[in-house]
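Only one chain is given next, in structure tokens, and it is the form predicted alone.
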Amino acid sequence: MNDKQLVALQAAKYAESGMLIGLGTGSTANYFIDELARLQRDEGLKITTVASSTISALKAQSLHLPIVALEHISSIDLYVDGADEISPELTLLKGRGSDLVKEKLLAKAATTFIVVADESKLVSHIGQNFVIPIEVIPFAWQLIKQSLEKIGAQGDLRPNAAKDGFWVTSHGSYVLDVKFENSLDAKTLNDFINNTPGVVEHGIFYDLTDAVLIASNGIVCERRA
């Protein structure tokens, strides 16, 4: 069993009958979905799920997990997902796959938000290894970029896969991928981007994480906020 499987199995221990559970997206989240399906099949776990992406929704359906649409919920009991970066104070960087709006909605709606990862995702500060994705209204992207440049941002619109246009999210937004020259703290960045008109959502998940499960060489460690 690899570390991704191990940490996903540990996260599934938080699942209880009667829960509405948010499903993350990615390789580790897939193991979590597999384990929920096994618990439902073999141990009688009775849950309902809501997915952060079409890919996760299709996987859940293929495994016969009950699933509801995001527009039909007002809160959830548990959300389990991965992250691209995790800082010491448990701020996350997410959204490289551009599902960050749904992911943040579920993180905010969850009574308990648990992040599953391996130790390669641990960083000293957000933006250390990856650009910060910022989903923007298409006609506002240049104004937003100019605002971000005033606090040291460098970056541009994410290109599409064919490199002949811009990446468009499932609900029609562009994505600005930026780095910051200066080492602004996560709260400052989070607040500034939140207050920039035209921003739909961004990949800094600040003050949302309840616990992080980190797998390393067959051992799972839990960190709490």
Ligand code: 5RP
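Predicted, not measured: the structure shown is a model, and the values here were computed from it. Counting begins at 1, following the sequence as shown.
Just so it is clear, the following notes concern the form predicted together with the ligand, a form of the same protein that is not shown.
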Heavy atoms within 4.5 Å of the ligand in the predicted bound form: which stretch among 135-143, 76-84, 104-112, 149-157?
76-84
Is S170 part of the interface with the ligand in the predicted bound form - any heavy atom within 4.5 Å?
no
Given that the ligand is not shown alongside this chain, does T54 nevertheless sit within 4.5 Å of it in the predicted bound form, heavy atom to heavy atom?
no
Contact with the ligand in the predicted bound form for R96, defined as at least one heavy atom pair within 4.5 Å: yes or no?
yes
I'd like to know whether H125 contacts the ligand in the predicted bound form, with contact meaning heavy atoms within 4.5 angstroms.
no
Among S27, N182, S62, N194, which has at least one heavy atom within 4.5 Å of the ligand in the predicted bound form?
S27
Sequence order please: the residues of 114-149 with a heavy atom within 4.5 Å of the ligand in the predicted bound form.
K121
